[in-house]
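Only one chain is given next, in structure tokens, and it is the form predicted on its own.
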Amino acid sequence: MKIAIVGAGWAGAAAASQLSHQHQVTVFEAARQLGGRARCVPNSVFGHPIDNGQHLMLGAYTQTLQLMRKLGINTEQAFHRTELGIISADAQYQLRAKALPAPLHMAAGLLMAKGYSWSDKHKLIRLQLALQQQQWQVPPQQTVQQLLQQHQQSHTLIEHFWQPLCLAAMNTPIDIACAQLFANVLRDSLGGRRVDSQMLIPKQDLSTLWASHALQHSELLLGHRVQSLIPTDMGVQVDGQHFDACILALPPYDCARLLEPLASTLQEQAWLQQVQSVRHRPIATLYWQPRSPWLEPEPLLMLHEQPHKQHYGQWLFNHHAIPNSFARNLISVVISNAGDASLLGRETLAQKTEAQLREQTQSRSPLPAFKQHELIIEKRATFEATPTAFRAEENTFWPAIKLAGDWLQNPYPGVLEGAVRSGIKSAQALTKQP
């Protein structure tokens, strides 16, 4: 078959990797870089590439890691692997999984954790046991906040454990975030094998990491923003070119742009309105270049978000502590759910976040002076993962057109593993159809 894939993000790359060995695949990508919303920015102020956002993967990303290995990528060299840890920059809180078989790795880490009372530790264990007994199923429409309140989690646990985890995993505040999606993440990470809970920090930029490998057997048309789809009796025309089938590996707003002219029936129009209803949340990443390497040994630290001070940073990455990191000695700070932060203005946000870093790292190795910085705001980084968010299937009303993306139906919120799984599923749907 002759197949078009629109979008060279992680979903499109996954679909192409499945199809390109047996089919003629053409990939259309509006940008000049591969990777979609998890891609390389080649021309940074630092004189070397950075990513459009600091990403962290988990060992639980089984299909992503399996696909990478299938493509010949040595994942142990591509990532800095470390035990799951929640280590606050101010040294007030510390919880790190131990090098023991599951579930002892988490139990031992929790028992030896600092900053949490014995009552807090008991409540954490009780919540995980309750979720296991419920087979990780929660009441329909429940939010993460309601789940935590139901299981009597303390203010300390919510503010310094659950809320940072929820924002990191879902980019959605706990008061509206879907509890079932969060439970799925916990099931496959904290509740899984020791290797599943481990954190993987990329040592290569996200475009080089694997998308270039996944797309090496496809025809790539970079800088080509597709304008029209026209279904035919023999397949579909993409900007006038004939294909037997097409996969739209795009966010919902771009899918709606291309499919709106095709929606002629009331049913098709109602479905399209649901696609257009999907909301998004931004993520901001601030990169700093210190005048000398920061000698802090921890590669990842949790920051305390304090909106009343306009301190919005949540996670701090020290690339000097990551051997052979492509980001060299940069320091990066991630701000999930960055709507309020982005209203400050770029320079004010950078100044406030630097003040937050210096205030919260005083008990650690001295933070060097910074030479320069770069702020990247991905305005539509992930879909808003609420209990009522619409999540489409891969199939559409037009048999030759499939969808792929992290926003489609899968067990996870808007994470890279969800995008890869959707791309694989969409490719399989194409090859299985009559």
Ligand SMILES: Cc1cc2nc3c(=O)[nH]c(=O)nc-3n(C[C@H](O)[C@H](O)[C@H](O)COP(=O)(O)OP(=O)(O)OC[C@H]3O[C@@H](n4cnc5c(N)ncnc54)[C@H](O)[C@@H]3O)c2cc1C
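Heads up: residue numbers just count along the shown sequence, starting at 1. What you see is a predicted model, and the numbers here were worked out from it, not measured in a lab.
Missing here is the form predicted together with the ligand; even so, the following discussion is about that form.
- In terms of contact with the ligand in the predicted bound form, the residue from G59, P49, P368, G53 that brings a heavy atom within 4.5 Å is G53.
- Note on the partner interface in the predicted bound form: the residue among L220, I201, A350, V226 having a heavy atom within 4.5 angstroms of the ligand is V226.
- Heavy atoms of D254 reach within 4.5 Å of the ligand in the predicted bound form, making it an interface residue.
- The shortest heavy atom separation between E374 and the ligand in the predicted bound form exceeds 4.5 Å.
- The ligand is not shown here, but in the predicted bound form it comes within 4.5 Å of a heavy atom of V6.
- Although the partner is absent here, N337 sits far enough away that none of its heavy atoms falls within 4.5 Å of the ligand in the predicted bound form.
- Stretch-level contact analysis of 41-49, 386-394, 66-74, 399-407 against the ligand in the predicted bound form, using heavy atoms and a 4.5 Å limit, identifies 399-407.
- Heavy atoms closer than or equal to 4.5 Å to the ligand in the predicted bound form belong, across 26-46, to the residues F28, E29, A30, A31, G35, G36, R37, A38, ordered by sequence position.
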